[in-house]
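One chain is shown next in structure tokens, namely the form predicted on its own.
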């Protein structure tokens, strides 16, 4: 029986995993070791700023162990969505880290960098040729939206990974990629049909998530022509039919239809069977090729500059009238900002009230405040950082000192946990491009660069 074995070390590179799990997983002789390096989950800032949401120290620890294991076993090591968002700065930072580890550990290998950041000129050409369409409720893509973007990446499918392996790369660092693609590609290259290959990618993309208890750690998959077996190397974890089936719902608008570059993975007929008390067999998945191959684009644009302050109160008199107090606060800040020459259109102020409706805001079903204390995150987004800093200072002063009916305290109304109390957050970004484009082939948007490390 055709069998292909893959070891995923964690849900995100830098989230950590037990070193013993890696040792056990490597003893099961995988053909491939890898880890997803990023996600859009932390929001648009990291793509726009060219920074990672994981620490360099943590990523280096995870990556060092993986590279040593892969080189010793002479198997490929693949990182998808390098650096957290998969843009060119993220890819280059990860490559620099790999070279640093190789020098320190005396490792040598051929490395491939698969680039995914897109030039604005090429995207405008695709739009003008009618090769794009929006996702969800996004407006059609046009040159103005493209030019406003700080950074745009394409989400690659499995084919560039296959090409890099065919090119002799042992270590592959990819820009933005579909999370399962880095696993599905090598499996299909080894002769596994698309359906189980893609399903295996879904199980591997978040490490030990298809197991209990949940915590960043390794997962191991044995993939066959018509099924796969999922098992965590760590003896404290178990893959159960419920855990595996539940994870198959992960990050999809449909529980059974998973759209990927090149086709649709259908899990409606999947059967989940316990092989033993730690491993699960999954069968019944199907794959339907797409009529047209498309690539998803992710882009962000600068929305302004942000500053925040954090404070709290446990004054029962103030808590009892907090809505009117915050309305008065907003009015006072607006008047003061205007007196300093800052018109209302130059900034936006949001006050999140934790203990009342800080998480769900207007959608909060419980209207009555039952907490004895409230926490506030006051946010200002403005055209410039100077304006954001000035308005947040006004907002902090007003929150602290404004009067209200029945007030007994004649000093500050709020407790501030931090000094400095005003926190400058810098540029704020928002997602502006969620569209798909139709390339000539799966490779043209993702050039590959090889080097000997």
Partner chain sequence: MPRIRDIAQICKSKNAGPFMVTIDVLFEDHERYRKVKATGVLNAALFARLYGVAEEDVLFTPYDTAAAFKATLPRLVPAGDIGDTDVYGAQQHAPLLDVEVPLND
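Every value quoted in this text rests on a predicted model; they were computed, and no experiment measured them. Numbering follows the first chain given and starts at 1.
A second form of this protein, the form predicted together with its partner chain, is not displayed here; the remarks below concern that form.
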Could you work out which of 275, 317, 335, 256 is the residue within 4.5 angstroms of its partner chain in the predicted complex, going by heavy atoms?
256
Pick from 236, 361, 96, 143: which residue has any heavy atom within 4.5 angstroms of its partner chain in the predicted complex?
361
Can you confirm whether 242, 248 and 381, the three residues that make up this candidate site, all sit within 4.5 Å of its partner chain in the predicted complex, judged by heavy atoms?
yes
Examine residue 72 and determine whether its closest non-hydrogen atom to its partner chain in the predicted complex is within 4.5 angstroms.
no
Even though its partner chain is not shown here, does residue 443 get within 4.5 Å of it in the predicted complex, heavy atoms only?
no
Give a yes/no on whether residue 30 approaches its partner chain to within 4.5 Å in the predicted complex, heavy atoms considered.
no
Contact with its partner chain in the predicted complex for residue 270, defined as at least one heavy atom pair within 4.5 Å: yes or no?
yes
Among 160-168, 223-231, 350-358, 308-316, the region lying within 4.5 Å of its partner chain in the predicted complex by heavy atom distance
350-358
Interface residues of 185-215 toward its partner chain, as seen in the predicted complex [heavy atoms, 4.5 Å]
none
